[in-house]
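A lone chain, given as structure tokens: the form predicted on its own.
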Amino acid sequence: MKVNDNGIYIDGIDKKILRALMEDARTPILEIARHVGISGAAIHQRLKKLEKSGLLAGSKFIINPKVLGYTTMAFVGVYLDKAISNPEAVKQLQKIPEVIECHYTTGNWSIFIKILTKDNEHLMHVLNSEIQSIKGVSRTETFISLQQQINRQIKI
């Protein structure tokens, strides 16, 4: 399978390794090696090749925000006065810890952000006191997520 224009190829063994690690990045290399039928050293070599190619962007632990009391997820379309305001607005949005994603988009909004707050009152505070006070933000449009129904990576 050709992955990109840089000529990186992944074969069936690479796919098995990647699927195992995507399922649980803490899976021991030797366990994957036994499952795949090659040595642990070969798994390490293949992972180094995949890292060097840029296919692997890292691994991380995923924190359950609900355990910390963050239960309200919202998506916010941010309208800017001028496109030139974008870099400064993004710089200000980076200072707001509740903003967990920020995308420059086509369509109605200049910026589309994902916010995680403890409740609706907290969301209202972040919107009114922090986001809408950013210079260049003319208005926002908010969509509260009732339930995340799909959460996955791209299929390998």
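Residue positions are given as counts along the sequence shown, with the first one as 1. These numbers were taken from a predicted model, which means no experiment stands behind them.
As for the form predicted in complex with the DNA, it is not shown, yet the points below apply to it.
With the partner removed from view, the residue among Q45, T105, N120, Q94 that has a non-hydrogen atom within 4.5 Å of the DNA in the model of the complex turns out to be Q45. Taking V90, L56, I29, I100 one by one, only a single residue has any non-hydrogen atom within 4.5 Å of the DNA in the model of the complex, and it is I29. Contact annotation: the DNA lies within 4.5 Å of heavy atoms from the stretch 32-40 in the model of the complex, the single such stretch among 32-40, 63-71, 122-130, 107-115. Residue contact check for I10: none of its heavy atoms lie within 4.5 Å of the DNA in the model of the complex.
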